[in-house]
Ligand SMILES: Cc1cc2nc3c(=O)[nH]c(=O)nc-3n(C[C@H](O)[C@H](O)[C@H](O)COP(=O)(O)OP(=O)(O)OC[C@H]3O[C@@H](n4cnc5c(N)ncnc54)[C@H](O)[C@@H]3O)c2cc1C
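Form predicted alone, single chain, as structure tokens, below.
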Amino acid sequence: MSPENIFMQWKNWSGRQRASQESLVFVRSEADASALVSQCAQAGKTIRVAGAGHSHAPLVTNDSIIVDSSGLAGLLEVDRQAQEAWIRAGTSIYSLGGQLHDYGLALKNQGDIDRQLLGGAIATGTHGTGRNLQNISASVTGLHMILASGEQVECSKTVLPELFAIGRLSVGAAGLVSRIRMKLQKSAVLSEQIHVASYDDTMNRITSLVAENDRFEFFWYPGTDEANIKTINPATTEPEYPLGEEGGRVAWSYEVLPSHRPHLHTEMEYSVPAANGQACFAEIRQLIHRQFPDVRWPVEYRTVAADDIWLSMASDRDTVTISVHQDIKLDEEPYYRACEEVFLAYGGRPHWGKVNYLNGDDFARIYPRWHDWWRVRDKYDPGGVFLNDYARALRPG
């Protein structure tokens, strides 16, 4: 086989997203990453940066260059008084918790999966749950980025503010983020509880469950019409080890918030205005019972507080997120497309790291700053170095 026909293989966590690219490059320093970006720009090649590959959307797939950023990892500078830290973007969230805890600090919130790299999590607006808790991107106060020219810059709300506006939720299309400054909080011990309730009981109590708990979510199971309700709140005791099974953990936040999700699946998640959450969920339930009675994977319900990020699913509105799942061995498209129609009818915005079937015109209707985001992106990367086919297809005409 000739060298030009030898391609590297990349795949995401579920195996559904795959790419045969010219080169898979591991970068371990900003100098190396900067030189690589500059070289690719001059050669007319495109770059996508891979995190942990936990997205279900085709964000990384690229037949040119894929950059593995896991070598750009570690905690850099910590300001305990200001409760801020500079963190390398390739740091895994699961390794970050203990490092921050050594300084008495923690992320303000995180998702129920902690396998992602921090850069990938902010690029997609990854979130946890809680009526007063925002997504991870909302805690970003500064970015160190490598632009398409190879130039390294720092941005914040006061320095290159438009670059910061697109960079803290960039879908990997604005530049290579190498460092992230995060606003943090003091370490805290949390107590987790899980109990099972009927669907009707869950919905009858949902207003109080959301209001009375720092973190609340539930998984509804179509086959039983029951819900696993999870609540997490500040604990009044010291951590209890060993942690034991999910549902009774009492420990530091980075030990309690993540859950083990070993079963390979695809996922679609939409965020709807909080006021529409219950009605939207009820219609998804009816849809499953009526048209997809064989679905057994659960449907998840969470809450996220509003933020001011241009492409955030919670931009300018308190939000309820609803997630549907399917086994990777099955064809999820008919089910997901039917769900997407419901989500859109309730003002939904898709999670950037999960399945959707929208085009650029759809996103322009969903996001008021869609054209502004592309204007700034194109200013800093006019040649499209950081665009793959998927992202390029979303560009406004």
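For clarity, every value in this text was computed on a predicted model and none was experimentally measured. In case it trips you up, residue 1 is the first one in the sequence shown, and so on.
The form predicted together with the ligand exists for this protein as well; it is not shown, and the discussion that follows is about that form.
### Task
From the candidate stretches 274-282, 155-163, 100-108, 122-130, select the single one in contact with the ligand in the predicted complex, where contact means a heavy atom within 4.5 Å.
Only one stretch passes the 4.5 Å heavy-atom test: 122-130.
### Task
With the ligand left out of view, choose which of 314, 169, 176, 138 has a non-hydrogen atom within 4.5 angstroms of it in the predicted complex.
The option sitting close enough to the partner is 176.
### Message
So the ligand isn't shown here. In the predicted complex, which residue out of 342, 355, 52, 40 has a non-hydrogen atom within 4.5 Å of it?
### Response
None of the other options qualify; the answer is 52.
### Query
How about residue 303: is it within 4.5 Å of the ligand in the predicted complex, going by heavy atoms?
Flag for residue 303 set to no.
### Query
Would residue 113 count as touching the ligand in the predicted complex under a 4.5 Å heavy atom rule?
Result yes; residue 113 sits at the interface with the ligand in the predicted complex.
### Query
Does at least one non-hydrogen atom of residue 265 fall within 4.5 angstroms of the ligand in the predicted complex?
It does: once the ligand is placed as it appears in the predicted complex, residue 265 has a heavy atom within 4.5 Å of it.
### Message
Although the partner isn't part of this model, could you tell me whether residue 89 comes within 4.5 Å of the ligand in the predicted complex, counting any heavy atom of the residue?
### Response
Looking in the predicted complex, residue contacts with the ligand include residue 89, since a heavy atom lies within 4.5 Å.
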